[in-house]
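In structure tokens, the next block holds one chain alone, the form predicted on its own.
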Amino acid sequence: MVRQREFDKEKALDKAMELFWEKGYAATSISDLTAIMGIQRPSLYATFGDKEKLFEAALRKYTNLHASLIRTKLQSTTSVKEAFRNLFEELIEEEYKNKVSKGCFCINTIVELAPHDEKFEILTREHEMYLSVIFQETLLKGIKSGELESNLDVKALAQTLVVALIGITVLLKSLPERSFVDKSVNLILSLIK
């Protein structure tokens, strides 16, 4: 008789995601994972496969949640300029409020694994491109409403905003002087015309 799994797979995956996000792939051991997930090694392997497959599942869940959150934030106001300003300012405010920055799980993966592992290079690039599409849709909404100039290079600006978001997120891990970040964001957002 096969023993039934006695844990919530999604809750366990959430706990693994948080741990990988905090410590990264290399610094997270199987023992760390089983302890935080509240499961035994055989259950981890039977449910998720190996550590790399668990990391991939956690990253995929994170990128889906992250993209959904970004989309929701950008749709929270009718003004496109205000929506982007809120997105960047909320990110910055949260990082300075927390005093310790975990950064973004996907961006951390770009830095840690993408240069050495093609699978994670592709997964993280897909997320970057998806964010670019979300940004393009938002910018097009601004053009359609008349808030933004009709000759705006939407694709290039969307990609620039993604690069800026990634760069600022990495920079915030060291919590530089706040005015340094604020001035940079103001200049970046001035590109949205």
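Computed from a predicted structure; not experimentally measured. Don't overthink the numbering: it's just position in the shown sequence, from 1.
Same protein, other form: the form predicted in complex with a further copy of the same chain, not shown, and the subject of what follows.
**Study point:** Region of this chain that lies against a further copy of the same chain in the model of the complex, out of 45-53, 61-69, 142-150, 126-134 [heavy atom, 4.5 Å]
**Key:** After filtering at 4.5 Å, what remains is 126-134.
Check your understanding: Looking at the partner-bound form in the model of the complex, is His116 within 4.5 Å of a further copy of the same chain by any heavy atom?
Key -> Contact check for His116: yes, within 4.5 Å of a further copy of the same chain in the model of the complex.
Check your understanding: Is there any non-hydrogen atom of Ala83 lying within 4.5 Å of a further copy of the same chain in the model of the complex?
Key -> Answer no; every heavy atom of Ala83 is more than 4.5 Å from a further copy of the same chain in the model of the complex.
Check your understanding: With a 4.5 Å heavy atom cut-off, would you call Asp14 a contact of a further copy of the same chain in the model of the complex?
Key -> Judged by the heavy-atom cut-off of 4.5 Å, Asp14 is well away from a further copy of the same chain in the model of the complex.
Check your understanding: Does a further copy of the same chain get within 4.5 angstroms of any non-hydrogen atom of Ala35 in the model of the complex?
Key -> No - in the model of the complex, heavy atoms of Ala35 and a further copy of the same chain never come within 4.5 Å of each other.
Review point. Does each of Glu121, Ser179 and Ile188 have at least one heavy atom within 4.5 Å of a further copy of the same chain in the model of the complex?
Key: All of them do, each having a heavy atom within 4.5 Å of the partner.
Review point. Mind listing which residues of 152-175 have a heavy atom within 4.5 Å of a further copy of the same chain in the model of the complex?
Key: Residues within 4.5 Å: Lys155, Ala156, Leu157, Gln159, Thr160, Val162, Val163, Ala164, Ile166, Gly167, Ile168, Val170, Leu171, Lys173, Ser174, Leu175.
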